[in-house]
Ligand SMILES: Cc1ncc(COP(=O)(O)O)c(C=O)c1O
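So this first bit is one chain, no partners, the form predicted alone, shown in structure tokens.
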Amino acid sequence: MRKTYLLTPGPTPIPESISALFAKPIIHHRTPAFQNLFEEVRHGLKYLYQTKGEVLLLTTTGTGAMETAITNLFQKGQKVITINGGKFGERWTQLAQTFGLHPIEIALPPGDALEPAALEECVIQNPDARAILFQASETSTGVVMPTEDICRIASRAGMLSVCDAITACGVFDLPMDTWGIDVLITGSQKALMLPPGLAMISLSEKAWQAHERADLPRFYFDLSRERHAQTKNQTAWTPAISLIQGLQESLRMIRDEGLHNVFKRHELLAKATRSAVKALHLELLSKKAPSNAVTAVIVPSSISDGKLIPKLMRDKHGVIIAGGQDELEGKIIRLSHFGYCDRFDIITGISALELTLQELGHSFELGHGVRAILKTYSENPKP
């Protein structure tokens, strides 16, 4: 027998208390029982988003919510600025093109975060752009973007700030109302500790005004229809009932821990992971702005085939991590440390990484990664 450990940046592990809910008999979604459940979920999502506005639930993945943002905010031919820091920033550009928008892309080298000055220059050159589309945390490269600066620049220019926070919301502070984030998106299979299948999106009043002018085709993903239903504790279409029952529990867990304690836990786990990586003579892909959700690590030159690292960790040691995508395939590995993740999960993951690196001939002293983690924990006691 061998246990497996999931340390990928989505899906993430599911708590036992949530898994148990999926074995219960399903309830009907047009009943008072569902309405009571949904009302609690609505309040919990506002707490998570730090907003007074509605956070709408969609039965889809995060990409579905990204598409929803495009079709509900814009008119065909409008110009938008997209920040491409990796595969998911590139997705904003692709979605904009698909629906007939004119994207102006700021392309960043892998591992780099946006410099606000570069965005300000792009805004000056494109004053007719309607929005800035970006990731708070670029999952493919493990980079955190300067969300507060981006929102400030967008607001000053009269543009919308549209933020994909799929691997950021519930990981680090993203106060929607305080920072003036116009559109904030996340998904169920990340920090919310659920299976894939739910996405959440919230719009500011300015974004709702843009929605009233939008003319792109939409039917299932019509936010007016969803807002009308969800403010009555219903959904426009048949929802993923079991996932919403699980969401009720995950939001309770987050509230019980305290949102800012959740942020502190993720910060500590990320710090411990990065200290271990350096102790193993490895380099971070992002040296200036690493995300507290996922750590991207450059495959050392001593290993000719970087795809062997996640393969061996999975097949021999039972620890599942992610490799690189597209141009980064075989060049990086990605270890997540968010969601239903605690201190000893990181020790397990790094132990498996050490064994794998040793088997592949990388030169380091066995145990140094785990030692670095323990030192980080001892210097940062758990609250």
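All of these numbers come straight from a predicted model, not from anything done at the bench. Note that residue numbering begins at 1 and tracks the sequence as displayed.
Note that the form predicted in complex with the named molecule isn't included here; everything after this is about it.
- Considering the named molecule in the model of the complex, the lone stretch of 214 to 222, 160 to 168, 283 to 291, 235 to 243 in range is 160 to 168 [heavy atom distance within 4.5 Å].
- Between the named molecule and the residues G339, G324, G349, G62, the one pair within 4.5 Å by heavy atoms in the model of the complex involves G62.
- M66 is the sole member of M66, V319, L58, L48 with a non-hydrogen atom within 4.5 Å of the named molecule in the model of the complex.
- Taking the partner from elsewhere, R227 is found to have every heavy atom lying beyond 4.5 Å of the named molecule in the model of the complex.
- Not displayed here, the named molecule is kept clear of K271 by more than 4.5 Å at the level of heavy atoms in the model of the complex.
- None of the heavy atoms of K79 is located within 4.5 Å of the named molecule in the model of the complex.
- The named molecule in the model of the complex is approached by Q189, whose closest heavy atom lies within 4.5 angstroms of it.
- Residues M66, F88, R91 of 64 to 99 are found to place at least one heavy atom within 4.5 Å of the named molecule in the model of the complex.
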